[in-house]
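Below you'll find only one chain, the form predicted on its own, shown as structure tokens.
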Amino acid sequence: MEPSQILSLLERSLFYSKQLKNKQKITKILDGKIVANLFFEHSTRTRFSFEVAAKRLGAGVLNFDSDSSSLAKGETLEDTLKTFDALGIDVGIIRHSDDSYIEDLKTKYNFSVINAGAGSFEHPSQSLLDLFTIQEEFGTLENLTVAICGDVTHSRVAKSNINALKKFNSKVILTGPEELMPVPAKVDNHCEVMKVDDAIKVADVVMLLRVQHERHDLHELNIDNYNRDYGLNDDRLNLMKKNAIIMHPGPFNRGVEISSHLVEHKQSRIFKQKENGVYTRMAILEWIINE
């Protein structure tokens, strides 16, 4: 996606933000459309954020539960999607554990496909709401320093944000346990790997990530000491710039990557991200239906 397209989506996100905050009537541009949340991995924030966004725009919403679906009876994933295609859905919002599966779907079916998270590869809608939150705070996406702290290797959020921030000449610092950092050959040239304390001192945005135990088996990683060694706590909060903000895509583990009382700290925008997810996903749905 080009920077101009990103900025256009963020402009529409701001439009919907103002409409909802001012309790203005929202045009039901998805009236008569059927949107299906097709999540083959667990989700709370993304799934319900898309559902609220779709309903705000007037769509009917189907929520697919893979655990109670015919997949449990042996139906193939492809046949499940063919079923939704036959039912006549207009948009399929899909999350899947495979890195490239969603991209392969985009020309197979009659419905439009939105990527709601692909394995450990990408999470574009989360990146857009993160960018919206950053732009809302600083008035720009240009020439900022964003520290991404935690399980960078397995994070689709990190990968999408690294790619997006590059388009706006912002520097990305990667920090966390060595075993959860990308190998040097895979570190993008606008990224730098630092020790956590050094990263936090210079960052405009401190973006925390949880350790994704479901995607690896690092038993030697000591979670009991994680907050002391790599997480955000009072000592590290004191290292942050006074105008820097704290972000986290969720789900967060209080007391691990972030001390519990810092989740709601005045510099935290964690729940603001959740709010902004609705506005951004409204903009995404508007864009995909008009594509």
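None of the values given here were measured: they were computed from a predicted structure. Throughout, we count residues from 1 along the sequence that is shown.
Unshown form predicted in complex with a small molecule; subsequent notes refer to it.
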Q) If you check in the predicted bound form, do 201, 236 and 267 all have a non-hydrogen atom within 4.5 Å of the small molecule? A) no
Q: Report yes if any heavy atom of residue 255 sits within 4.5 Å of a heavy atom of the small molecule in the predicted bound form; otherwise report no.
A: no
Q) Using 4.5 Å between non-hydrogen atoms, is residue 46 touching the small molecule in the predicted bound form? A) yes
Q) So, in the predicted bound form, is residue 159 in contact with the small molecule at a 4.5 angstroms heavy atom limit? A) no
(Q) Contact with the small molecule in the predicted bound form for residue 32, defined as at least one heavy atom pair within 4.5 Å: yes or no? (A) no
**Q.** Heavy atom within 4.5 Å of the small molecule in the predicted bound form - the one residue of 228, 42, 261, 28 that qualifies
**A.** 42
Q. Though the small molecule is not shown, can you say which of 120, 133, 115, 126 has a heavy atom within 4.5 Å of it in the predicted bound form?
A. 126
